[in-house]
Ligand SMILES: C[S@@+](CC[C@H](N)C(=O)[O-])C[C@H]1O[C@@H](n2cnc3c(N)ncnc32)[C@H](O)[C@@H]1O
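Below you will find one chain, with nothing else, as C-alpha cells; this is the form predicted on its own, and questions on how it binds or moves follow later.
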C-alpha cells in the first residue's frame, strides 16, 4: 500500500530538507510501494531498495519503470549494500514475524531470535552516516535493547501510530504485547568514537 507511513516519511522530508540529494535505503522494499512513496516526499533522493523475494523485486522494478523512476536502484538480496553510506535507512515491517504476533510464544528463539535483529541493526549502523536517521517500524524487538542504541537519540513522533504486537527482549523472552511506540533514531556518533 502506498504512503502507509506518512508520519515517518514527512519526518524524513523535514530532516533532509537541506540535503540536495539524500541517499536512502529502503530495506525490505517488497513490491516497491515504499521507495516510490519516498520519492514523492524526497524527489531528489537516490534510493537503494533491497528485497530478498525475487517475485516482489520484479514487481517493484516494473512499477518503477512504469513510473519513469531512474533514481531507485533495486537489489535482490537479504543484506544492505555495504559500499554506500546513507542519510536515512528505512526498515519498516521487516524485523518481525507474523507467528510471533499471532501466537505470542514465551520464547522467540526458534522463530526469530533477538540476535538476528541486533545483527541487522549493526549492519545499518555501519552504513548510516553520523547525523543520519534510522526508521524501524513494525519490529518484534525494542531498539533500546540493541547493541547500537547507546549511539542513537530516539525521536518521538506524536503523529506516528504505534505498532501493536508481541515484543521480545534481548533474551528472546516475551516482555510486552502492546507493541512499540518509538520508531525513529538519530545516529549521534559512530562506533569508532563511542
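Numbering follows the first chain given and starts at 1. Being a predicted model, the structure only gives us computed values, none of them experimental.
From this point on, the text means the form predicted in complex with this ligand, which you will not see here.
Although the partner is absent here, residue 78 sits close enough that one of its heavy atoms falls within 4.5 Å of this ligand in the predicted complex. By the criterion of a heavy atom within 4.5 Å, residue 52 is counted among the residues contacting this ligand in the predicted complex. In the predicted complex, this ligand sits within 4.5 Å of a heavy atom of residue 4. This ligand in the predicted complex comes within 4.5 Å of a heavy atom belonging to residue 30. A single residue from the set 89, 72, 121, 92 has any heavy atom within 4.5 angstroms of this ligand in the predicted complex; that residue is 92.
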